[in-house]
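Next up: just one chain, as structure tokens, the form predicted alone.
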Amino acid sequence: MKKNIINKKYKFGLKILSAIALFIIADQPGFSQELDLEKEELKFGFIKLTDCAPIVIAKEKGFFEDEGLQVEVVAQPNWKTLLDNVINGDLDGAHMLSGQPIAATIGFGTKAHIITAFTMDLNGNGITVANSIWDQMKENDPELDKDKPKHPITADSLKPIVQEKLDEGEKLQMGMVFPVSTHNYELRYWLASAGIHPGMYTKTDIGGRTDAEVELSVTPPPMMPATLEAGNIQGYCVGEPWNQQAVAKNIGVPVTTNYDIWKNNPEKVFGVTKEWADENPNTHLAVIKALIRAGQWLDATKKKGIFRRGLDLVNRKEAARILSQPNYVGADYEVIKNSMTGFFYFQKSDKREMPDFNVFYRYYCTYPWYSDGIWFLTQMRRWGQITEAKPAEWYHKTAKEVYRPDIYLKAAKILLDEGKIDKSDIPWGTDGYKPATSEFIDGIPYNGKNPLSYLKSHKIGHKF
């Protein structure tokens, strides 16, 4: 009897010591809390663009593996196939256009409830025109005829070219990557801010060409330079490295970046079906944890030397080398390196320092803001993809069905407890809406809390 009491006390003491040891270990930087994963082997899709970097880096630097995940990363031929493969379960999740989860959830195109708990990056796109169009733009605006013209460059000097083609019974042809892509909305925004009508979507016109003065068509990102060179389009909006490729091949000139169209705009998200997220909540948290760490690694900086100002992005050259591999982006390292290391060539004579061209962690980049989702909804309504007017409440409700900061914050809290991120890295107390901003190329202010006022502010497109 006495022996049993001693054994019970001994076992209880071991439990206490184990709990204390676990507490001490958990308090050390680098400690990982093990989640009870529902699924360990995953397959994620991506398109060959530099902003797929968080997924690629999470795999290559072992962040997925740290979470107990074995992840296969597979290139997809186009955005539609990528989305279809997430919906049918061939992919567990994917690098997605910011507009894709929203469009699918509201039923524009493919109908499926897609959610995002992670924004992959800010900025990263450019608008490029063919050399012949750039020559005409310089004729229309002599201020552009310089080695380094003043930026931002608006579409004002393009307008006479558009009109001349219309007078000849033709339309300027420009490419974008997908109807609900940031690229489509940014290209339309840039054109419309100069009074050029990019066309409307209607119930019977799913191509968005009604009333168009410029014809926009879909071209997969890696095909943009070749399509431009062949003369099938005279300009395009795409992510990197396909603007820098046009400069390297001497076939086109990037005239603006989306940083100038909308400073620090959201670009891509990580998307999964709601069904998958509901079935695999711990696995989803583990994925988001790994992606947050990848973004942090990509944006790691150090101060430059005594004779140089600013910050060095210390891991971007390594990231560019990884992305240049054929199974990832597959473009030339030197071309990828430009924007990834904070530089951008508008022309071979015009290399500019742009440290915020690609942002993967800074400025609370990775947080899934409701106001970002609402901006995309306003553009879908502005251009007729949402065919009927909606009340303001609908915009907020819809954004909250797609954007899941609750999941993001849960993953971030675990990383904070593990000592892998700083508390200041995450906007813990936010209501999910960014402050109002007027940092757009036309100066029109945007407040995510008042989407209908924003719609009314534009001269071209639906106003309510």
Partner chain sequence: MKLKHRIYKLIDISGLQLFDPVARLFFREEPQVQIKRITQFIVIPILAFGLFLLVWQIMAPRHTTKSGEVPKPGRVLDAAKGIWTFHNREKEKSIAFIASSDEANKILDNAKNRLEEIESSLIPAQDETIANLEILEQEWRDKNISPKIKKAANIEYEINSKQNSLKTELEELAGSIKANDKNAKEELVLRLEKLELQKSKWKIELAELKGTISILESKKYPLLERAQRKKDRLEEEKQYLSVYIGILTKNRNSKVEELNKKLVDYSNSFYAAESTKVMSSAKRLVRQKTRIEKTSESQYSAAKTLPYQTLRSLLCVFTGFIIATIFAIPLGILCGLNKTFMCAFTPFIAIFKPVSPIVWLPIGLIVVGGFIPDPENNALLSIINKLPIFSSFDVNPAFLASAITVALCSLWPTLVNTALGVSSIDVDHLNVARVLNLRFRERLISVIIPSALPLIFAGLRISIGVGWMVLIAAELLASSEGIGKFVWDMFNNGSSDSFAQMFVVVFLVGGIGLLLDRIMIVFQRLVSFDETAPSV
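What you are looking at is a predicted structure, and each value in this text was computed from that prediction instead of being measured. Numbering follows the first chain given and starts at 1.
Another form, the form predicted together with its partner chain, is not on view; read the next lines as being about it.
Review point. Looking at its partner chain in the predicted complex, is some heavy atom of each of 389, 393 and 431 within 4.5 Å of it?
Key: No, the candidate spot makes no contact with its partner chain.
Check your understanding: Out of 330, 109, 160, 207, which one falls within 4.5 Å of its partner chain in the predicted complex, going by heavy atoms?
Key -> Here the answer is residue option 330.
Point to revise | Option touching its partner chain, based on a heavy atom within 4.5 Å in the predicted complex, out of 194, 75, 166, 218 | key: When its partner chain is considered in the predicted complex, the option within 4.5 Å is 75.
Review point. Heavy atoms within 4.5 Å of its partner chain in the predicted complex: does residue 277 have any?
Key: Because no heavy atom of residue 277 falls inside 4.5 Å of its partner chain in the predicted complex, the answer is no.
Practice item. Give a yes/no on whether residue 71 approaches its partner chain to within 4.5 Å in the predicted complex, heavy atoms considered. Key: Residue-level check for residue 71: yes, a contact with its partner chain.
Check your understanding: Does residue 222 reach its partner chain in the predicted complex if we count a contact as any heavy atom within 4.5 Å?
Key -> So residue 222 counts as contacting its partner chain.
Check your understanding: Does the 4.5 Å heavy atom contact test between residue 251 and its partner chain in the predicted complex come out positive?
Key -> It does: once its partner chain is placed as it appears in the predicted complex, residue 251 has a heavy atom within 4.5 Å of it.
Point to revise | Among 319-327, 366-374, 146-154, 119-127, the region lying within 4.5 Å of its partner chain in the predicted complex by heavy atom distance | key: Selected range: 319-327.
**Study point:** in the predicted complex, residues of 128-144 near its partner chain [heavy atom within 4.5 Å]
**Key:** Sequence-ordered list has one entry, 135.
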